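Below you will find one chain, with nothing else, as structure tokens; this is the form predicted on its own, and questions on how it binds or moves follow later.
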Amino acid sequence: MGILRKIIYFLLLFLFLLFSAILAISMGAVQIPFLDVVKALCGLSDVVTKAIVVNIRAARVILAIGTGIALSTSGAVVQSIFQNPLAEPYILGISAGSVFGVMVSLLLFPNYPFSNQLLSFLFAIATILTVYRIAGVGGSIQPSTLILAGIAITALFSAVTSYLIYAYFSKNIANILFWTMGGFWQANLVYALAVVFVALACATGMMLFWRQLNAMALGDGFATSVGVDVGRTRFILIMVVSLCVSFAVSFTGIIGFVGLVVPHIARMIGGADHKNLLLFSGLLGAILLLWADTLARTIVYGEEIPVGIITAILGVPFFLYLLVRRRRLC
């Protein structure tokens, strides 16, 4: 695909994201016309409309966009550094470890600022390093063991998190359980902008390693032969992915399969070169989560479904398809 066509695709997707964001803001219990949303975002509407558009719905849309960028770019990176098309932050246990960290923070440090984000980050790192350690045999990573280790760690953290909710948060059990299934209903503008900032900063950091990622996607042996320090690069990118995912998850709960599905679609549009793959992954991830959230809050009148359920319905069939295709290739 020529570079001009990729630029056109990128611009079209970017314009679609902007259109989707304004349309999503206009939809809800109170329908707001498209042009009124634009006026409110420009500060040209009445106080009530501006409050609904900017403080409530725009904050939610921005949080969905930031989370989509964080999960999809992280998914593209872990698939390359582990050379496994089935890898993603949710399946590798990073999201479950992050949520467990938030639970520990709520239990031990409920009044400390940023303790949720700090413990979420620490447990995310501990989780991915544990999975990496289990999957590493003789200096190489076993793809099947990597997935099984991730699933096992996810199950362990989910079980312990459920116990903590049952034992210590029984008064708010419905709210906390709903949060662990993923959603954006607690969004506010400050947190949403913080998630977008961290997601974009981490995505930029990942893009600085696009040459190393291209080489590592072809195997550790090839990457080493062209001068890549595989161990150092992998460790740095694991740290960046852990920060990116844990920061978003600490505000939204677990939203799975975005990091699995989106990079594969991005490769079909922008190719396997990580310079383009990460750009298209971030853009497509933002669009996917934006519409998943819009669907979650509008599909049942007067009620809201956790976004994690919507992404699981989309992602599980895709995961099974990749699993079957991989089995046939083997």
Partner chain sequence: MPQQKGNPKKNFKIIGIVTVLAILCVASVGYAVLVTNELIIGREKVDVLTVVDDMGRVVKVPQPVTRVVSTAPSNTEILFAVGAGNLIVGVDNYSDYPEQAKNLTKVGDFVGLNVELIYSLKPDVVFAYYGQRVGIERLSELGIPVVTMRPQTIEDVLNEILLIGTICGKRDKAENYVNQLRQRIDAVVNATKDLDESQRPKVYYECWNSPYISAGPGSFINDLIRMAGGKNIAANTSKDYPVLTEEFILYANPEIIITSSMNIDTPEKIMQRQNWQNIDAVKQGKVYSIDDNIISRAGPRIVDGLELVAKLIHPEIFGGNFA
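The shown structure was predicted, so the numbers you read here are calculated from the model rather than taken from an experiment. Only the largest set of C-alpha atoms that superpose within 1.5 Å between the two forms is called the rigid core. Numbering follows the first chain given and starts at 1.
Beyond what is shown, the protein has a form predicted in complex with its partner chain; the following relates to that form.
The stretch among 200 to 208, 87 to 95, 108 to 116, 146 to 154 whose residues place heavy atoms within 4.5 Å of its partner chain in the model of the complex is 108 to 116. Interface membership of Y132, defined by any non-hydrogen atom within 4.5 Å of its partner chain in the model of the complex, is ruled out.
Residue contact check for V48: one or more of its heavy atoms lie within 4.5 Å of its partner chain in the model of the complex. Proximity of E304 to its partner chain in the model of the complex falls within the 4.5 Å heavy atom cutoff. Put simply, L44 is far from its partner chain in the model of the complex: not one heavy atom of it is within 4.5 Å.
Only one of the listed residues (I62, I287, I52, L279) places a non-hydrogen atom within 4.5 angstroms of its partner chain in the model of the complex, and that residue is I52. The Cα shift for A194 between this form and the one not shown, taken after rigid core superposition, is smaller than 2 angstroms.
Superposed on the core, the two forms barely differ at L243: its CA moves less than 2 Å between this form and the one not shown.
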